[in-house]
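Single chain ahead, written as structure tokens, the form predicted on its own.
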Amino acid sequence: MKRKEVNSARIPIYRDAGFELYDAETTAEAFRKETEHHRESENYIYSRYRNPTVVSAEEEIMKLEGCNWALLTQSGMSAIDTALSIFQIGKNIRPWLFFTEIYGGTISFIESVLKNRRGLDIQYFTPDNSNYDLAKLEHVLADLKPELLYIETISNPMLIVADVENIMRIARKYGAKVIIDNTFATPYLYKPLSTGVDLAIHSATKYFSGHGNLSAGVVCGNDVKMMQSAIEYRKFIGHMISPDDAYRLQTQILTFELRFSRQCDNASKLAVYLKNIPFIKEVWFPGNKNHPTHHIAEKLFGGKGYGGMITFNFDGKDKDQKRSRRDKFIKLVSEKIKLIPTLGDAHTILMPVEAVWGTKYPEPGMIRLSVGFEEYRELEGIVSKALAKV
């Protein structure tokens, strides 16, 4: 049957493993251009290389980030691997410096893969009192002169906001490239590439998708050579997202700003409410004026919001009472607020911090909330009823 163009406003899902190349001349030209690693192909070859449905979804993310290119991968961790591997060229590599306050999965990847398997010289920088001492950071950078610096805009789970612009200024002074995980802030609050960051990455599983029903990651940048290197690495390692997930992600991205702005608003209100509960010892939320990096968040995010994450800690006479309050709260809200080990979902979900991070955050009463975009009065009602019984 002869194919005909269908009058659809949406790009179709191209599930082709390989694409028709018609003749030897077209084939030779397609494979020649493939070595140039363009973002989009004139003639697609194989879906592990590039896929038109995936490219279409990438273009939606480029609009959000305001960047020259975006490359989707099948998970946030594969995006991290792709971004970092761009800089691993040969054996003569200067140290890589990572902030300690980053996603636990990233730390595990650093220790297991970068250090133990690849033998890289990895160094860490630790904050003081939930803040980054930039004078100390400059001293470390001057001493190490690292190849790259890796940070998160808003850290997981303590929600420390990095002074990205000043960190960039210091990093450039000592020749370090900068990779930033912008998952928690999203481009709605901050676009790091506009301030000269080399690469921005996201676990697109989280706020870009926003419904907890697919896994995806993305690497964003402006430099063409970095893009070509990332395309080559993604192709050979096989980090390509499926066209089905790319299609669904593209449709979900259309509502991203509507969803995330509501999540920021809900989180701001809930953080104020939790701060007034007598037996909640601490509430970490960048929008609270007593948060150690509130002033940085105000400067960086320009009043648009402070993210959709809250971390809080139950008080108690000892660890057993703190743990008991935590566990009772989790049980009381479980019908509506599920314990799910992710974030950015449509509905509010939670994680017990000590149970996941262990000795790094040993406070047994600590809970990380990922605030959803449900109606706020409903959310506060669920939380308040549970706290009344705790």
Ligand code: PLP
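Start at 1 and count along the sequence shown; that's the residue number. The structure displayed is predicted, hence computed values, not measured ones.
Keep in mind the form predicted together with the ligand is missing from the figure; the text below concerns it.
Stretch-level contact analysis of 245-253, 284-292, 227-235, 77-85 against the ligand in the model of the complex, using heavy atoms and a 4.5 Å limit, identifies 77-85.
Leu343 is the sole member of Leu343, Ile337, Ala70, Ala57 with a non-hydrogen atom within 4.5 Å of the ligand in the model of the complex. Shown without its partner, this chain lists Ser203, Ser209, Gln263, Thr186 as candidates; in the model of the complex, only Ser203 has a non-hydrogen atom within 4.5 angstroms of the ligand. For the three marked residues, Tyr103, Asp181 and Ala216, a heavy atom of each sits within 4.5 Å of the ligand in the model of the complex.
Contact check for Asn156: a heavy atom falls within 4.5 Å of the ligand in the model of the complex.
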